[in-house]
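Here you get one chain, nothing else, as structure tokens; it is the form predicted on its own.
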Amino acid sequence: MFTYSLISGILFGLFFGFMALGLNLIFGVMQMVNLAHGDFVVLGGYLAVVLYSSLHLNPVVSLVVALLLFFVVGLLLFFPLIPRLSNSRDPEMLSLILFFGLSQVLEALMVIGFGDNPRSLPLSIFGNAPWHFLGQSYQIVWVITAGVSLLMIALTYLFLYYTRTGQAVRAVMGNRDEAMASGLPVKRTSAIIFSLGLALAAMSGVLSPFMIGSLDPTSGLGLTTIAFAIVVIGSLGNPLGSVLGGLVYGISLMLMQTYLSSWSVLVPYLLLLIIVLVKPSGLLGKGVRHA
């Protein structure tokens, strides 16, 4: 059972790390916590369900649709809202209020548009044959979802470290004022990362029915909590920390579900408390960052 919990925890951890990646990117560049992050994950899930039920579109294609659609949505939200926040006297606090309000609006719109009933995708989309490894059997859809998540994490890493825009993003993450003083396009970089963060959240939402089951309009708050715990575990503002945090969360969740199932819902909160008490900067953090 331990081997099964460990391997399935790694598979789930890669997915959860991908789910938290957008939240960490936005915080790293803009020092703002997107409290509506989980709602964009749910919207991505609804997009996949609608495209599959109405057009029989494979979720892999829905990933591309989610990337393009929510990147545009991010641009449309960024320019009328975020520059005003950045220029205010207390942008961090106002951003919490703004994104909390946005979360409530999105939840209400999803109730109006899709109703309260949970929605999901059939797990048989990618076949029913299990994946055998080390004497254990795992659902093939878990393996495919983890593989897609790992691919998207790797592409994000290549974007950050091997493109000119990515270098600007890392410079802004390192010191926003110095980046601005050196002439880097901080506003344009922030717009790209904000839009990319929402697009990554929606893409993880396309995959979420395969890992966390059905979604409903109220699922966003819980997903935001999990994503926030993951980035704190890894390190706020460090995208690679999302991967490490996701693996820690996924393995801990699976071990708890195997040996103490009734306590598994407490995993994100317990990990959050432990990290804040033992290493508040996160596992990959060098110092405490203030939001």
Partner chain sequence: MLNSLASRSKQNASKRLLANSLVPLLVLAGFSLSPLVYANHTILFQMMAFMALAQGVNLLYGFTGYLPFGYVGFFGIGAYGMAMSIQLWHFPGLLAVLMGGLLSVIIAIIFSPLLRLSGAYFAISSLAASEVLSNVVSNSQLTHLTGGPYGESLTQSYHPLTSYVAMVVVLVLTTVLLIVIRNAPFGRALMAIREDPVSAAMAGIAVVRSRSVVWLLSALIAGLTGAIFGWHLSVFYPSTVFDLNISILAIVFTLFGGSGTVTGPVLGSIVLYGLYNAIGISEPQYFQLIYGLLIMALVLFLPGGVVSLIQRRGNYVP
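It should be emphasised that the depicted structure is a prediction, and the values quoted were computed from it without experimental measurement. Residue numbers count along the first chain shown, from 1.
We do not show the form predicted in complex with the partner chain, though everything after this point is about it.
Counting any heavy atom within 4.5 Å as contact, can you tell me which stretch out of 189 to 197, 142 to 150, 88 to 96, 162 to 170 lines the partner chain in the predicted complex?
It is 88 to 96 that comes within 4.5 Å of the partner.
Quiz item: Looking at Val73, Leu102, Leu123, Met211, which has any heavy atom no more than 4.5 Å from the partner chain in the predicted complex?
Solution: Looking at the other structure, the residue within range turns out to be Leu102.
Query raised in the report: Of the options Ala129, Leu155, Ala181, Val111, which one has a non-hydrogen atom that comes within 4.5 Å of the partner chain in the predicted complex?
Result: Of the candidates Ala129, Leu155, Ala181, Val111, Val111 is the one lying within 4.5 Å of the partner chain in the predicted complex.
Please tell me whether the candidate spot formed by Val61, Leu68 and Leu215 is one where all three residues come within 4.5 Å of the partner chain in the predicted complex (heavy atoms).
Per the other structure, none of Val61, Leu68 and Leu215 touch the partner chain.
message: Against the partner chain in the predicted complex, would Ile10 count as a contact residue? Criterion: heavy atoms within 4.5 Å.
response: The answer is no: Ile10 has no heavy atom within 4.5 Å of the partner chain.
Exercise. Find out whether any non-hydrogen atom of Leu244 is located within 4.5 angstroms of the partner chain in the predicted complex, and reply yes or no.
Key: Result no; Leu244 lies far from the partner chain in the predicted complex.
Quick one: does Leu55 come within 4.5 Å of the partner chain in the predicted complex, counting heavy atoms only?
No.
Indicate whether the partner chain has at least one heavy atom within 4.5 Å of a heavy atom of Ser252 in the predicted complex. Residue-level check for Ser252: no, no contact with the partner chain.
For the heavy atom contacts within 4.5 Å of the partner chain in the predicted complex, list the residues of 250 to 271 involved, in sequence order. Ser262, Trp263, Val265, Leu266, Tyr269, Leu270 sit within 4.5 Å of the partner.
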